[in-house]
Structure formats: C-alpha cells, structure tokens
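Here we start with a single chain on its own, the form predicted alone, put down as structure tokens.
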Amino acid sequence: MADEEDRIGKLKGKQTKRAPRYFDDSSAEASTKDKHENEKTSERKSEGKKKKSGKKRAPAPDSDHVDRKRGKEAWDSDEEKDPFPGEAPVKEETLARYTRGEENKIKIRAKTAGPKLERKAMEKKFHLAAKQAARAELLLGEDHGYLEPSDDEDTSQLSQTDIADAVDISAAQKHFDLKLDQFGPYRMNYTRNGRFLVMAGKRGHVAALDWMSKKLLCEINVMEGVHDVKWLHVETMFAVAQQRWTYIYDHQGVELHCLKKFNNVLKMEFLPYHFLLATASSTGFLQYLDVSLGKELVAINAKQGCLNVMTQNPQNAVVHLGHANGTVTLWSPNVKEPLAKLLSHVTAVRSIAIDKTGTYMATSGQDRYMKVFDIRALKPLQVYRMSAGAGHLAFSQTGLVAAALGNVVEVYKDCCSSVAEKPYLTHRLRNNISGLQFCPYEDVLGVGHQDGFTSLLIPGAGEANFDAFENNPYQTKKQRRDYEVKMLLEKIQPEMIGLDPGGVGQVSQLTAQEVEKRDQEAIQKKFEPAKKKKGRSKSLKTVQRTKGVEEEWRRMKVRQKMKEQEEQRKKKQKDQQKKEKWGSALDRFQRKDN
C-alpha cells in the first residue's frame, strides 16, 4: 500500500508541472531561476576544488591599480625629498601665551585606572588646543601692523607714496589731500569712533564730512575768525570757537546755540563721560559748560594770562593748561586752585599731549625740547632735543607720538618707556602745520595746515579692535539714539573729577564725630598766624588770633546748622499749608458724617 501511494504522489507531482509556453511569464521566470541556481552550484563546486588544492589564482593586472601604485611610490619619494618634513614648529614664546599652566601633578588614589586616563586625555587636549591657538596666531588681526625694516633700511626715509603703493586699495584711499588755500590755516577734530571729521579755517570756513566715504555733511562760512572746533558727544553737534563768542551747530550747519558767556575762546576740550565742554580764553579764564543742561558750570580765573595751550587727561578728565612761564597746571571744576603745578620748561609751553591711559604726558616748549613726564609721579622720564620747537603734539592709541616741527611731521615709536634714537616716520609739507590728531581705530594721522588738510598713513597707529558698545564707526541712526540715551543715563557728575578717579567708589567708614574732629585738626594745623611787627607777634597775641579763628569756624558751623533747620521748618510749614488748602488725594474716601 505504501509503495502505491508513493507512486501516485510522484505521478501527481509530474502532472502539476505544465509545459512551457512562449506567452507564459511564470514559465520564463522559473527557467531563469533554474539557470541561476545551476550557475551558483557550479561556482560553489569550483570554489571547493580551489580550497582543496590550496592554490589561489592571481587576478589579472588592472591598469588603474598600477597607476595608483606608481603614484603612491612617487609621493613616497617626494616625502623623502622634503627638506622640512612634518608639521611646522611653534615658537616656545608663542606657545607660552596660550598654555593653561603647568600639568596637574596631584596623585589620584583610585582603585581603577579610569580617572588617571581621563586626566591624561584632558592634558593632551589642553596641549593640543594651545598648540593650535599658537599656530593660528598668524591669522589674527589684533596686532598692530608696524613697519618692519631690514637691517640696512630706515623707515623714516619712506614716503607716503611708497606706503600707499604697498598697502591694499581700501587703505590707500585713506591717504588724501584737500586743497583749501583760501581760508586756512585749518584746525580739525575727529569723532570718538573715528568716522567723521570737522575742519575749521581761521577765516571762517567750517566743514563737516564723513572722511571715509568722502561724503560732505555741511559746509558753511561763519563770516568771522575761528580759533578752534570740537565734536560733542555725538556726530550731530559740534562747537565752534569764533572770534567773539562760541556757537553750537548741528551736522547740517544749522546754528543751535550762541554761548555769549564763553567769549574770546582760544582752545576747547570736550569731556564725553561728564558732558562738559571746557574752554580756555585769551582773558585767562577756564570755563565749563554742561552740555546736557545748557548751563555754565563754573568759571575759574587761572591768573596766568592768555590760555592758548590746553588738553585733557582721558583717564580722569583733568584739564592740563600750559603757560608762558613754562609751567603746566592741572585743573578740576571742583577747585578754584590748580590740583598740581609742574615746571616743565624754562621758556613758554607750546603744546601738551597725554596718552589714552593717562600715564604719560608729552610737552614741548620754545627751548626746542620735548619732554615726556610720568603723570603719576610728576617726574620727567625722557628729554629730546628737537631741530625746531614742536608747535603741536599728539598721542596715538598705541603710544606713537607725532610732533609738528614747522612744516615737518615726525612720528616717534616707543619714546616714552625708552629712548627713541630716530623718528619712526617723517613727512614734509609745503606750509606750516596748524593742527595734529590721530584718527581713532585707524592708521591715519590728520594734519591741518595753511593749504587745507592732509591725511597721512601711519602703520600701527590705531587700535586694531573697537568696542561696538562704546565706539561704533558703523552704527545706525537707531543705535546712535540708544547710545546717546545710555550716555545720559550713565553721566558722571563733575564732582567726581580728580587726580585719583579710583577713590570715587570707596566708602568712608568714619563717623560724624570723627569727621568733625578731623576737620578741626586740619584747621588748627593749617592756620598759622602771620608774623606782624611792633610787638603784635608775641605768643599771647598769636594764641588769641588762633582761638579767634577757631571760634569763628565754630560760629560758622552753628550758623550753617541753624540755617538748615530753618529751611526744613519752612518747607514743612509750606507743605502743611498746602495740605490744609487743597487737602489730600485720599480725603474723598473718608467717611462723611451727617
């Protein structure tokens, strides 16, 4: 039975297979599958035979493979010929600027090696980061681009044409000459962000422009002589010291204010953080104008004659004045007397300049000497003998000093901390120079003279980076408005101007009794009775006069205290009367009784 069933199943299996037809797709697919299966089985058999024999047949050589192999061999031969194999070395001085200290040598007591391996990996990362930063230092643009001559070259012999030809087009366009030979000589001033320039000729010509794009903002003629010109806190207003009075103009040339109290002004300085315009007049008065309020703050008689030499210390806002007797005095609006007095020259002082850190002060006199002083100690550091007296001096943001010797401009490098044997750069003009100023954040020196204005290229003069929140050359109108509001909110009161600006933030811990005792001791020590003749300087008379001064001081204190109490009493009485007359705003909520 079993044999018959097997035979019947085989016959059924044979019957299920249909004959292949040309129009039937399934038969074609089955035939192709059978072919593939047969090919696979043949391949497996051949591979099995090869494994049994243990021999492999080498593939046919490929032309591309041969070429690649030859190229690799050629590359290997080039590496062998390379005279500087591997990475470029890094200087140890450069690497030391980016290292993060010495390696951590504290022993780790751990049961596993994980913490030690982590620390080792971290140290490797620190070393790699320092090495990469040192290599990338070449791409940084923060360094000042000074001229680097070879051993047999002298940078002072280079002309402006040579420098303009060597730099790129955008930098070469910053060297230009404005020929204005009808209204000179010219005084000039840059804004704090270095974007705008205002010029004023002695014969009344005033012009403001965006000197980078050469776009003219305004151009007017005030029809009288002009002594000086200064930008105020923003580039929309500038002050002009004219022959009679001082005027304030906007950037379109429209007159905003006429300051009749500020007459016969020769020099001006603007204190940006205090919103003060300081002026020095030919009558010997130093005056301060609060620009935010439009009122005169104080007028001080310097008692030194005509004041035609003036500058400010950007660190503490102290004004420095140069006088005809060779002295330099330091002034604050809080004191009627000079804070300090310094004898700088035997003859009259011609110019003063102070660096941005407020550490060094350069002065020049008619004795043909230029001296560099340390303001902190009021002592001279360097003394230079000039070929002619420097009529104008200017400090750059990087410490370069420009001196105007007649019609020649000489720029000195590192002349404060060490002795400069020769100038860094020189330039000769056709007429005498009437004004000097370095443009902030640019390698440019502006020179005003009889024939107009000249912009000179001084490599390394400007700061490489600028703080956009402090001085932004590319600010928009909205940013300028916000900046102006911020400056007004952060305005520093003029009472804080002094030689030591760091003492403003300190808090006095003395009690009222200690302060009063200190003031009494100061008065007793300070008052010394003058010696008089005819027996009026005896000990008894001296003691009586001293006690009289002390009693007068006590009376003055009592009067002042009584005056304050009287003012408080009057104010309180006035408020009470006002309250009785008008009542309080809360009276309407009171309960009304019938």
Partner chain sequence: MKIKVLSRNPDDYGRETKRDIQRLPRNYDPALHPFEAAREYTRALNATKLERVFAKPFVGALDGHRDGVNCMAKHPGSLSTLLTGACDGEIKIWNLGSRDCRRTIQAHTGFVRGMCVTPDHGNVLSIGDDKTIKMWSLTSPEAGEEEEEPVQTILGKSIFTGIDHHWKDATFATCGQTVDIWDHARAEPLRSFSWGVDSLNCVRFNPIEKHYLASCAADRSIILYDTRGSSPLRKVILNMRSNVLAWNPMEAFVFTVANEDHNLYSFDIRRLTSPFNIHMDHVNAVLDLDYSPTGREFVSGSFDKTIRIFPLEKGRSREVYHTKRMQRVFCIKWSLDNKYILSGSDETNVRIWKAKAAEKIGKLTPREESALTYSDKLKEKFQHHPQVRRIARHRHVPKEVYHLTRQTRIMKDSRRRKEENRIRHSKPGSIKKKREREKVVVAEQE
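Remember, it's a predicted structure, so these values are computed and weren't measured experimentally. We call the rigid core whatever largest set of C-alpha positions still superposes within 1.5 Å between the two forms. Residue numbers count along the first chain shown, from 1.
Although it is not shown, the form predicted together with the partner chain is what the next lines describe.
For the options W231, F262, F196, Y441, the one in contact with the partner chain in the model of the complex, meaning a heavy atom within 4.5 Å, is Y441. When you look in the model of the complex, the only residue of Q315, N221, Q252, Q173 with a non-hydrogen atom within 4.5 Å of the partner chain is Q315.
Using a 4.5 Å cutoff between non-hydrogen atoms, A468 counts as a contact of the partner chain in the model of the complex. Among heavy atoms of G204, none comes within 4.5 Å of the partner chain in the model of the complex. Taking non-hydrogen atoms only, T283 never approaches the partner chain to within 4.5 angstroms in the model of the complex.
E93 falls outside the set of residues with a heavy atom inside 4.5 Å of the partner chain in the model of the complex. With the partner chain left out of view, the stretch that reaches within 4.5 Å of it through heavy atoms in the model of the complex is, among 356-364, 222-230, 182-190, 239-247, 356-364. The two forms, fitted on the rigid core, differ between the shown form and the other one by 2 Å or more at the CA of A96. Taking 2 Å as the criterion, Q132 counts as shifted between the shown form and the other one: its C-alpha moves by at least this amount when the rigid core is aligned. Annotation: V549/K336 CA-CA distance longer in the model of the complex than in the displayed model, change of at least 3 Å. The pair A96 and Q397 is tighter in the model of the complex: their Cα-Cα distance falls by no less than 3 Å compared with this form.
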